[in-house]
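Before any questions on binding or motion, here is one chain by itself as structure tokens, the form predicted alone.
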Amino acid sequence: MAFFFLDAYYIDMNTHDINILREWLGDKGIITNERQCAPYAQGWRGNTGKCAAVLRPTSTKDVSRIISYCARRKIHLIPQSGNTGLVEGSIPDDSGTQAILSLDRMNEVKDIDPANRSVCVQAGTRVSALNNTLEKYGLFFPIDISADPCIGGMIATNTGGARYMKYRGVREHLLGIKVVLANKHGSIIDAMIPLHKNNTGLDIKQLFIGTGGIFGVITEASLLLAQLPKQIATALLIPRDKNDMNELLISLEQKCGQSLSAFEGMSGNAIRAALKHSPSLTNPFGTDEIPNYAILIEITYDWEKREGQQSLDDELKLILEEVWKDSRTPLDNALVGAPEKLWALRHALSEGVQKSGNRLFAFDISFKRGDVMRFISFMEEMLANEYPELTICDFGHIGDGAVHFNLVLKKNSRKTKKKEYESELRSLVTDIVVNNYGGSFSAEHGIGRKNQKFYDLYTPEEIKAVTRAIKGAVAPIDIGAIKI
């Protein structure tokens, strides 16, 4: 079966196109100045593209008109919300022919419903702004990552984050959605029904979760919220042997149940990089040597401390004493500390690692939980022998099987910076992840241009065929950075 898309070729935007779009969107709704366009065309890690214009709608109707017009004119659109992605999924290529459809002016928070524990937001709303608004209601949107993304991008990539163990990801918190399909009509699907249960046929919103915008542009969302934690306790755990991490994780899950909200692994290399490049951080280990591996755990209660009840810090200490006494659990030490200080260290890892060497090769990968440390141990031995110029600075969501596997090219290395070196390295690591361990080449960052090669290589042909069939039926215009 063949599929024919309307964008068999692209054209450059011309003055006529710019003038029409400016008439619809106003002067603030379109940017064509190269200097002003540049921040929109640059990714989170400095990778850059070039765009013909940045289009900044304020409503779903505006988005519909833009998509319809650009579809008929064969102008390629790149949807963008927070632009915090790491796989080049929200920036244009370097042709200068693509236009960015930015949702940064679509940031209204409305219809907060504490009784239903839900809220309706426009897709350009930053998660920090949303949670600041929700705080007075004792609610929050519990998808926590160190960047400050927008809701539309979080849905498009099905963001998970550091507290996935307790709250899961965006998919579990999306009640309804409004989206403009990528077709010549700019058709609007309004499925903004904020019901917790609604089993009346196809759950249409699922098409747009984690699919990178290939079917259309999300403009609004109805979100399920969580109660703000009233009690929080955190600790750093130092395992005797990181290869026995699963026993420690299972033990804590058995003792803490659903109150265990985070189990974040941090390599010593990553911790040292963060402390070096963020002098304001407090070293939780004091004058002691930084361990080869540490785990940040968090337990939370959604209710206030009751009279006569011990503090959650004290309860965590008792739990850790129980773990310590269990000879089957490989715990060498534990440090209970202030949540804001320990999380500050965790959130500083990414930037610290990025600045720690000559060049960074970052992988967002996932496995069955029992395979994470096996993979890391295998890679430590293999890379030490074959790529000694690289330092592993891994960290991530060990509790749900995901890891940010970062390879840093040492500053004194004379190794080539050519694309061939990076391509060889990415192919090597990804092949081991997928073929040796049955893992995923993208845990939560999505596909984007950086992962396009691996989508093409590792996605089963049957799944590709179904994806193309759905797209051909509902959204035949090629939109965004992903090719299916």
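Residue indices: 1-based, along the sequence shown. Because the structure is predicted, anything quoted here is derived from the model rather than measured.
What comes next is about the form predicted together with a further copy of the same chain, which does not appear here.
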| item | value |
| --- | --- |
| Single option in Ser356, Ser259, Thr391, Thr329 placed near a further copy of the same chain in the predicted complex, where near means a heavy atom within 4.5 Å | Ser259 |
| The unique member of Ala402, Leu275, Ala334, Ile78 whose heavy atoms fall within 4.5 Å of a further copy of the same chain in the predicted complex | Ala402 |
| Segment assignment from 376-384, 68-76, 335-343, 219-227: heavy atom within 4.5 Å of a further copy of the same chain in the predicted complex | 219-227 |
| Heavy atom distance at most 4.5 Å to a further copy of the same chain in the predicted complex, all of Lys110, Ala147 and Pro476 | no |
| Residue contact check: Thr430 to a further copy of the same chain in the predicted complex, 4.5 Å heavy atom | no |
| Contact of Lys411 with a further copy of the same chain in the predicted complex (heavy atom, 4.5 Å) | no |
| Proximity of Gly201 to a further copy of the same chain in the predicted complex, heavy atoms at 4.5 Å | yes |
| Interface membership of Gln206, a further copy of the same chain in the predicted complex, 4.5 Å heavy atom rule | yes |
| Interface residues of 454-471 toward a further copy of the same chain, as seen in the predicted complex [heavy atoms, 4.5 Å] | Tyr455, Glu462, Ile463, Ala465, Val466, Thr467, Ala469, Ile470 |
